[in-house]
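This document starts with one chain, in the form predicted on its own, laid out as structure tokens.
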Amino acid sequence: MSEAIGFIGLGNLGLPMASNLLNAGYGLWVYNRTKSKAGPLVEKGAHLAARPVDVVTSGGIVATIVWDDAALESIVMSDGLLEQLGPDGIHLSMSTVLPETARKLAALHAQCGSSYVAAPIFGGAEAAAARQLWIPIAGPQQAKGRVRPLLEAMGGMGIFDFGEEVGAATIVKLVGNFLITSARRTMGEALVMAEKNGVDPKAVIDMLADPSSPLLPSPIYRNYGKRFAERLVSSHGNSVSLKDTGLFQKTAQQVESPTPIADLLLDLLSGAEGRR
């Protein structure tokens, strides 16, 4: 690959995705607030930048995957990034943020002649390493075509085009995360009830979520159910769920869509965070 890619955000998901790009032969300039996290990538040939703008080449592609709206806006508004990206440049944003944030940032990019493509990620570090990420994508058609090979190289097993309005992809991500969080909470409650009644929770999941079952054959139920049964659920999941359920609620309220279940989930998740 001849094109060097800028990559910002080397958390649990960003690090294996960036590593996949290197393995696919892309040149890589990386930035992360905690610079030590870039060590494994630098050892494999990536270049470590001191500032976000330093990963950007004029007319090139920069990918970002950061925690929230504030972090994403801070990067976009950092000194010189939009100007350096310039005409024909592409910002591939893979963070889970509000649709209104995506729209606002897309407008700022357009003013500088560059494109903003929203492509939030379904899947974690293990899915990235196994190249099993599912990705909704939205933005200018030509830009989407240019970044698609990158998404495939990062581990995109399924890439689903939701048109040119960037907020559409973020809405799909919020809907998906809301459904996943709902499933996790109901599974936890159900399996505790089974266990307290003397029924092995792992056996319950093995039956209900078997791939051949007509009941709950989804990998979400199967994988999270086994984690619950084996006491492998991490507290980090609550933080992500709390953040993203809040984004879902806010997005729904802006169009007067009722959120009684999201409201309840937020109360439950807030209580879980408070007990940490």
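Don't overthink the numbering: it's just position in the shown sequence, from 1. Keep in mind the model is a prediction, meaning the values are calculated, not measured.
Omitted here: the form predicted together with a further copy of the same chain. The next part is about that form.
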{"property": "In the model of the complex, the residue from 130, 77, 157, 107 that sits within 4.5 Å of a further copy of the same chain by heavy atoms", "result": "157"}
{"property": "In the model of the complex, the residue from 57, 251, 238, 64 that sits within 4.5 Å of a further copy of the same chain by heavy atoms", "result": "251"}
{"property": "Answer range among 65-73, 216-224, 37-45, 23-31 for contact with a further copy of the same chain, defined in the model of the complex as heavy atoms within 4.5 Å", "result": "216-224"}
{"property": "Residue 49: touches a further copy of the same chain in the model of the complex, heavy atom cutoff 4.5 angstroms", "result": "no"}
{"property": "Contact test in the model of the complex: residue 189 vs a further copy of the same chain, heavy atoms, 4.5 Å", "result": "yes"}
{"property": "a further copy of the same chain contact at residue 112 in the model of the complex, heavy atom, 4.5 Å", "result": "no"}
{"property": "In the model of the complex, residue 146 touching a further copy of the same chain (heavy atom, 4.5 Å)", "result": "no"}
{"property": "Residues within stretch 183-204 having a non-hydrogen atom within 4.5 Å of a further copy of the same chain in the model of the complex", "result": "183, 185, 186, 187, 189, 190, 192, 193, 194, 196, 197, 199, 203, 204"}
